[in-house]
Ligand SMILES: Nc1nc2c(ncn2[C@@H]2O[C@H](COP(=O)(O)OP(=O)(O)O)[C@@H](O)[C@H]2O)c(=O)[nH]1
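In structure tokens, the next block holds one chain alone, the form predicted on its own.
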Amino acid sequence: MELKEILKKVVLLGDGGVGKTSLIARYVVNKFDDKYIATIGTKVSKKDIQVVRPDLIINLKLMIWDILGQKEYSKIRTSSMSGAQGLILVGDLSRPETVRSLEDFWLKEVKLSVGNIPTVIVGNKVDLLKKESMEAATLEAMGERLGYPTLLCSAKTGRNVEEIFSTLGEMLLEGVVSTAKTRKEKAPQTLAEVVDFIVQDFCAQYGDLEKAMLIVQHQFEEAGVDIRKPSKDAVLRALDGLAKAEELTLTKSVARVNLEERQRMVILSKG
């Protein structure tokens, strides 16, 4: 399993009061505050997403820039947008003029500043609308015409907030190819080679070589692994301990994927 760390700068743009700050707060800390606080300049939040793909784990680190929505402050916005790699355009579905300005003003400004970048269009405050909404239909038609994913959400209820960032995250990861697929390294065959691979893989994903080796040593001793002549049963017992350690530093889903893959390698190994 290969591990990649990728850092991306994401900006949220839209008129003042559309809910950009609330969306970020809901996503990053799962919190909503209905008091309006105007963003002064910019505010940066950080959120890590872990994406598991065949033979590859991606730690996607999002630097999320909440940029003020008052249109008069163009110099602040232009400098804040520099280097942006992903864009979330936010309109307030209860205020039709903020939906129109996404295409009429904000998208044009982004293209002048950073060009075409992965973009998601968002209609916030869907909880305030009736089932049939002209504003929602207008927003969805805009997204279809421009070729951008469009989501109706609510920072207040949390509806579709996770989906906004996960959708953009997938777009930002397009083109990321696992070098594990392209490398022509010989796959480990014997049990000793498999153990060697597992130890290296665990240490690489853990991130701290010294601590990782101490964990490996402890788990191998607990499971009775004789590194000079390992047995499959002992190594399989050690894998359970390594998986529990990974649950604390990675996620349960990643630890489970790693465990299943390592168990398969041990069972199929020679010796």
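Numbers follow the displayed sequence, beginning with 1. It should be emphasised that the depicted structure is a prediction, and the values quoted were computed from it without experimental measurement.
Beyond the structure shown, there is the form predicted together with the named molecule, which is absent from this document and is the topic of what follows.
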item: Option touching the named molecule, based on a heavy atom within 4.5 Å in the predicted bound form, out of L128, L112, A141, M134; value: L128
item: Interface stretch in the predicted bound form with the named molecule - options 191-199, 164-172, 78-86, 151-159, non-hydrogen atom within 4.5 Å; value: 151-159
item: Contact flag, V11 vs the named molecule in the predicted bound form, heavy atom cut 4.5 Å; value: no
item: Proximity of S22 to the named molecule in the predicted bound form, heavy atoms at 4.5 Å; value: yes
